[in-house]
Structure formats: C-alpha cells, structure tokens
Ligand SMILES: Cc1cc2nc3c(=O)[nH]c(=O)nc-3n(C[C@H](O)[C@H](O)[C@H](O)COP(=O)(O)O)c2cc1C
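Heads up, the chain below is alone and in the form predicted on its own; it's given as structure tokens.
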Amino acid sequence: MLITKNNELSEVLKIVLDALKSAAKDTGHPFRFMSLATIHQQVPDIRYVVLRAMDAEGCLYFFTDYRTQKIGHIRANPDVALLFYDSEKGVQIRMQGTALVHRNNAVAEKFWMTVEGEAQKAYNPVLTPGTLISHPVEAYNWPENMGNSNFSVVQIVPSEFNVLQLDGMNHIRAKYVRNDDKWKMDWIAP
C-alpha cells in the first residue's frame, strides 16, 4: 500500500508527489509509464508516454516528436488527463491538467541535452509518425545528423488529481484541487 487510513491528507499529497518525482528518475518505477488522454473532435484518445521529469511546482514532463497526433490534439485542446497505476501497491492516480508544448525554446533545449545517442532517433524518423507504410522496415529510416527540430517537451500543469488506494472493502480515496499554488484537499468516498 502507498497510503493508509491513518495518513493525513497533507501526508498523502507528499507521498503521491514524492512517488511521481521518483518515477521521473527511476526507469523501473510503476508510475514511469503514464497513460495520457487527449480529446480530438470530441473523441477521447489515450496512449502511454514516459514521465521524464517533475518540477518543484508539480508540473510533469514527457518528450515526443512534434509531428505526432497527440501534439495536434493538445494544440487544439490543451486539457488532458493522466492515469498512473501501481499494481503491487494497489494504487491509482488520476490527474487532470493543462498541457503546454515546448519546441525550439529553452525548455526543449535543456531536455534535448539529456537525450543521447540512439535515443535521439525517437524524435527524428524521416517519416512522420502515423504515416501509412506497406512494411514495418520502411519506418526504420533516420537522417544522418540528428537534430532537435521535431523534439518537443510537453509540460502538464496539474489542476486536479485523486488517489485511490485499493484495500479489499476498505478502499481509501482523496481528491486534490489546485487553487493558485495551494491544493484544496478532501477525502472522498471510493
């Protein structure tokens, strides 16, 4: 279990934020891969992305190729949802927020410096992600010089989240809503 009924709401907030910070650094952490939901023409779309960083303000960051559909969805509607789940601890975190796309700016440049070697290929395929191809090998084509022109960093500014700790018939659920720089905290029925 990540949280218990004996934790105070402020403790739960710290535990959750610490777990997300750890996930950004630990490639084996269960929260490292998060589900990102976007809306496209009033239809939800969901996919996994990799949590790369969490800043002191609680904003979460992931990387992507600027040409992906998710960037188009975010540009049209920056309201997103994230889902995290740890099956060993039986805990789920659902988060809503606003996505900001960073490309060719100081934020993107800072993170690009951390992407090394072969990993740069993920943001540099010759074909735009989602292009129809006749065989998988057609997608394995990258330019000789890896640049950062398609590299994007998506920053999620959380506005609300809830945490659900599964525990037989005694589930625990808390809700957090951001008001300016403070979190309004409440226990809610699971």
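Numbering starts at 1 and follows the sequence shown. All values reported here derive from a predicted model rather than from experimental measurement.
There is another form of this protein, the form predicted in complex with the named molecule, and it is not shown here; the text below is about that form.
Novice: Specify the contacting stretch among 44-52, 161-169, 23-31, 137-145, defined as having any heavy atom within 4.5 Å of the named molecule in the model of the complex.
Specialist: After filtering at 4.5 Å, what remains is 44-52.
Novice: Indicate whether Thr131 is a 4.5 Å heavy atom neighbour of the named molecule in the model of the complex.
Specialist: Looking in the model of the complex, residue contacts with the named molecule do not include Thr131, since no heavy atom lies within 4.5 Å.
Novice: When the contact criterion is heavy atoms within 4.5 Å, does Ser149 count as touching the named molecule in the model of the complex?
Specialist: It does not: once the named molecule is placed as it appears in the model of the complex, Ser149 has no heavy atom within 4.5 Å of it.
Novice: Would you check, heavy atoms only and a 4.5 Å threshold, whether Thr68 touches the named molecule in the model of the complex?
Specialist: Yes, Thr68 lies within 4.5 Å of the named molecule in the model of the complex.
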